[in-house]
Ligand code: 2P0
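Below sits a lone chain in structure tokens, taken as the form predicted alone.
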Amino acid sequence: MLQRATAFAPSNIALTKYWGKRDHTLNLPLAPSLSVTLSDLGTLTVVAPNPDLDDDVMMVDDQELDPAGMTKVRRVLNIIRQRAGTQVKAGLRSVNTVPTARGLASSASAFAALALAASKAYGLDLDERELSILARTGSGSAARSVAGGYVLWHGGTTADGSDSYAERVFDAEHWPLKILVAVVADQKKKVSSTLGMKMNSAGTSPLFDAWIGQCQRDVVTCQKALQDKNMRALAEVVEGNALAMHATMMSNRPPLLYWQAPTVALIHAVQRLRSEGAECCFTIDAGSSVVVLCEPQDARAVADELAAVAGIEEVLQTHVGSGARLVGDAV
């Protein structure tokens, strides 16, 4: 049965990073990763199958999606249509509540929302593991946006990716941290995560192999810090992992540098705040913006300090949230 369906999926921020693929078509990672799900920052997507359409069409924030984006969207839709036994095209519309192209995993929420809404629209009833694998075919990190709370994405070993999926390891209530997103002003990244990862995986960075090995170890250390709700231990592994990822990018030839001057200022601000007693730590995805995790009692003071850094457009405040979900039509 074909029907209109709407889904919201949250963005997620990697605590130990996904940066390096063993298969670029299936978006299979070289190492597992851990992430935290954001509560209200993400993507709302409507999928409406329509027999009168000659091709799929999609609007994102009132702009028609570019051809490269549509190629990825059709990849997901075609998998769904094959399983549903239909070739009916669809009209799609998405609205983002997370800034795009800022290193805040907007593609993760976009493809997780697409996977859930489209599977429902075409009459499929997929479990969380199946949805995670489906979302991953559009964007690797989307595998983690299906689940909520603190999420582990298994790297897997099979060639077809059937064992590379994400699952919740701790729910949001286990450690209800506040999450602050310091958005660097007017600095949309010029090199996408997909292209940057492909460049960095080409082997010109002398640090890349060591980086992948470090990720394997950091997942274990990070999961223990989350289990113990130990901010100091979490800061050591999460900040170290983020800096190591960016070090591999910077040592690439040609170098890949996402940071801006405010990025460095934010790093210093968070480390100073922690030395003064604030329970907080930072991470940085493939972009210039900085995400800070902190205990609720410290959130206001930390947010004020981040907002005072020159070159910061805004500081978004959210918390650990639930995963992708179907909602009533609102787009």
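One-based numbering along the sequence shown. Everything quoted here is computed from the prediction, not taken from an experiment.
Separately, the form predicted in complex with the ligand exists; it is not shown, and the next lines address it.
Screening Cys215, Met245, Cys222, Leu131 for any heavy atom within 4.5 Å of the ligand in the predicted complex leaves a single hit, Met245. Of the residues given (Ser94, Ser164, Ser193, Ser119), Ser193 alone sits with a heavy atom within 4.5 Å of the ligand in the predicted complex. The closest non-hydrogen atom of Gly148 lies beyond 4.5 Å of the ligand in the predicted complex. Contact annotation: Lys21 falls within 4.5 Å of the ligand in the predicted complex, judged by heavy atom distances.
Of the heavy atoms in Val320, none are within 4.5 Å of the ligand in the predicted complex. Within 4.5 Å of any heavy atom of the ligand in the predicted complex lies no heavy atom of Leu226. Remark: of stretches 169-177, 80-88, 156-164, 137-145, the one touching the ligand in the predicted complex is 137-145 (heavy atom within 4.5 Å). Residue Ala14 is the sole member of 2-16 found to place a heavy atom within 4.5 Å of the ligand in the predicted complex.
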